[in-house]
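Next up: just one chain, as structure tokens, the form predicted on its own.
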């Protein structure tokens, strides 16, 4: 029976959905439930990763230290993981401290064509005896050949796996197969996939990745994540079990953990709405949804128009300031058109 490693991003990607306001009590209850369910690794922290709490992308209710130490105290078998984006996180200010707080595994993430910036962080993690996984984000924006080149760089830096992120929920299953196949055929380390559900294909895309040889699949309870959410973790476990893959996770207990997530953490169950569909079609990061909705309302604009324009500009996470710029330009264009 083939083993699939389910990587839980509920307390990291889900942070986007509640404006990074995870509380101590929520972290404790979730960690206990996920640990009991047999989750192997789980990420905790700000949606954009350690060191990212800021006015630009949102200020966390708790500090990185508070979130990670609370989680570590309530995990016995589950490994504690963090999401690291060079630029937000530095080695001296963030990574060294995270290891002191008990972090076991590091996901070092970057835009899909910028693997060079991950070298120091991956190398440092390995030098400290920690697990390090490379993460290529917004991968719909690069060809399979380019993704292979970037993944090979991460492998050369010491990464013990490379995960492709469908950050905008833009993939179709054929896209997943095309890109996962080339990585599996040419890397000597495990390949993974991180899905978003903007077009309703998160589970289908995750299964397509597994069928092509991916060994690491990301998921979140109830799909708790940015925009339309991530691949729903408890559904992944059930479907993989039906297909006779081994995850090491108890189906009943992971369902119980999902109930706890819904009752105690999630403010609104992720759904596929008009904005998430446009986000997926435009290829814009799901985490932009709340910012776009707010700015569109303030400027009396259709948020769909903002997403389409952001897509044309090929914006990526960290460029949230461009939302305001786009809104101002759209409003100006509307005014000019009306005055003619």
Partner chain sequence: MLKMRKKLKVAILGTGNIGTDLLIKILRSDYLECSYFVGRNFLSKGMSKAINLGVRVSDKSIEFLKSNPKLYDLVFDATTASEHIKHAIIFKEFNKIVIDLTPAKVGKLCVPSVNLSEVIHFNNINTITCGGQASIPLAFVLGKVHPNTEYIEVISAIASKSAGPGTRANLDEYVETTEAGIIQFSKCQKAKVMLILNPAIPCIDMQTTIQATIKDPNMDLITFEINKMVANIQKYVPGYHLLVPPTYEGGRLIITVKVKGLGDYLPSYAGNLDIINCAAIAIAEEFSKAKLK
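Not measured: the values here are computed from a predicted model. Residue numbers count along the first chain shown, from 1.
Keep in mind that the form predicted together with the partner chain is not shown, yet the notes after this line are about it.
Proximity to the partner chain in the predicted complex, defined as a heavy atom within 4.5 Å, singles out one entry of 281, 295, 32, 272, which is 295.
The listed set 91, 243, 184, 172 contains one residue whose heavy atoms approach the partner chain in the predicted complex to within 4.5 Å, identified as 91. With the partner left out here, the partner chain still marks one of 172-180, 257-265, 118-126, 200-208 in the predicted complex; by a 4.5 Å heavy atom cut-off that stretch is 118-126. Among heavy atoms of residue 25, none comes within 4.5 Å of the partner chain in the predicted complex. Of the heavy atoms in residue 322, some are within 4.5 Å of the partner chain in the predicted complex. Although the partner is absent here, residue 63 sits far enough away that none of its heavy atoms falls within 4.5 Å of the partner chain in the predicted complex. Contact between residue 213 and the partner chain in the predicted complex is not found at the 4.5 Å heavy atom cutoff.
Taking the partner chain as it sits in the predicted complex, the stretch 50-73 comes within 4.5 angstroms of it through a non-hydrogen atom at 51, 52, 53, 54, 55, 56.
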